[in-house]
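As a starting point, one isolated chain is supplied in structure tokens, in the form predicted alone.
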């Protein structure tokens, strides 16, 4: 996919009506970040602030994510950040299978265009969608997996979702935030391995 086709897909996402979520959205959230990065971070769906702004991870949990990325030495400006679903589900519920299926081709096209070496999945929904597993994030987080998804090969590193971290703000050794910082540092190490000078 060339740059023009990628921009056309962005416009398609912004006007998409493939599932019922389109009826109540303010703005679709395509994603943002460099298209030449070796890391893509995938969340589950936009929340209220994302729906208002059209940008991913800008609410309370997004601000915490940005702080942790920065603290670990991996500023969000170096990642492409998107979600499995591009429109906000009502009351921030998890996306349904139908809604996820309607957006799957957009996520696949984004990954095909960017060609990341590493996909960081934030929370259960994107981790299960990409890895095709029913295991929970507590079991999967921090374990690097090789993955073939939609005929693409990349590594997957699951993280706790930042909304979970908001409810668990302690920083003691072994706490969710401490584990997440370690996971992000591992992602940075891998990025530098994949892309010298990252």
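Remember, predicted model here, so these are calculated numbers, not experimental data. Residue numbers count along the first chain shown, from 1.
The same protein also has a form predicted together with a small molecule, omitted here; what follows describes it.
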>> Although the partner isn't part of this model, could you tell me whether residue 127 comes within 4.5 Å of the small molecule in the predicted complex, counting any heavy atom of the residue?
In response: no
> Does at least one non-hydrogen atom of residue 83 fall within 4.5 angstroms of the small molecule in the predicted complex?
Replying inline: yes
> Does the small molecule get within 4.5 angstroms of any non-hydrogen atom of residue 69 in the predicted complex?
Replying inline: no
> Would residue 47 show up as a contact with the small molecule in the predicted complex if we use heavy atoms at 4.5 Å?
Replying inline: yes
> If contact means any heavy atom within 4.5 Å, which of 152-160, 39-47, 139-147, 167-175 contacts the small molecule in the predicted complex?
Replying inline: 39-47
